[in-house]
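Only one chain is shown below, in structure tokens, and it's the form predicted alone.
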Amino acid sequence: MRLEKYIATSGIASRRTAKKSIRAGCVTVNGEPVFIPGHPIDEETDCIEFEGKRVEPLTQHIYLMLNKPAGYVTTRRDERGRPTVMHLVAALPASIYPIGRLDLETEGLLLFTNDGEFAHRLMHPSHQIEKTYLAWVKGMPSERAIQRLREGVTIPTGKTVPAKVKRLKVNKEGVSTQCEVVIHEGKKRQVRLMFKAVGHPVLRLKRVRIGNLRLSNLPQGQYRFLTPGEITELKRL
């Protein structure tokens, strides 16, 4: 088995994080550091350590969803001492980690697991899993602005692929507009940068759906475990 896959299936970190740690020299096989991802290992006989801790085979997978409030960073630890989403799931095993990211001020649906293969499948861009956001933006985007978002706009990381965008509500004074945005990319701060590109900065952003899974009425700051049916359906995507 490849080294990073073994680490991911053991629930310590996602495959992406495992690769970064391997390149940084934080992973050893039988006491020797390995710097190249893809290194083959024998999970029956080799001793693997990740950041100084022995990697043991995982016995139980965990899958859950959190309604993330604004003001939390999506990481296990923060160098600046800001609260992280891990504080909201502190009662659960330390082996779980968030799948993907929501930026500091973005709210809504965030998945957690200790199943590295599951996390890898959901995050891989080739699977094109749709994500739905509600965006409250400054002003009232014109039909032309909405059409530009649907066709793709240029942001610092490149041109976005076509998105599904529609206006939902405009407040009485026309100060802000609520829009629904459906994308399957995962560029950093993508929805915020998309609306900024058409002159309507995001005032509030909330993710409400990933694939078949909807946030529904889960209270903010709370989490729940996924049902077997939800897990199966996500694995099919």
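From 1 onward, residues are counted along the sequence shown. All values reported here derive from a predicted model rather than from experimental measurement.
Keep in mind that the form predicted together with uracil is missing from the display, and what follows is about it.
Contact annotation: uracil lies within 4.5 Å of heavy atoms from the stretch 97 to 105 in the predicted bound form, the single such stretch among 97 to 105, 119 to 127, 140 to 148, 154 to 162. When uracil is considered in the predicted bound form, only one residue from Leu66, Val55, Val191, Cys179 comes within 4.5 Å through any heavy atom, namely Val191. Checked against uracil in the predicted bound form, the residues Leu205, Val208, Ala197, Ile48 give one hit for a heavy atom within 4.5 Å, which is Leu205. Shown alone here, Tyr133 lies within 4.5 Å of uracil in the predicted bound form, counting heavy atoms only.
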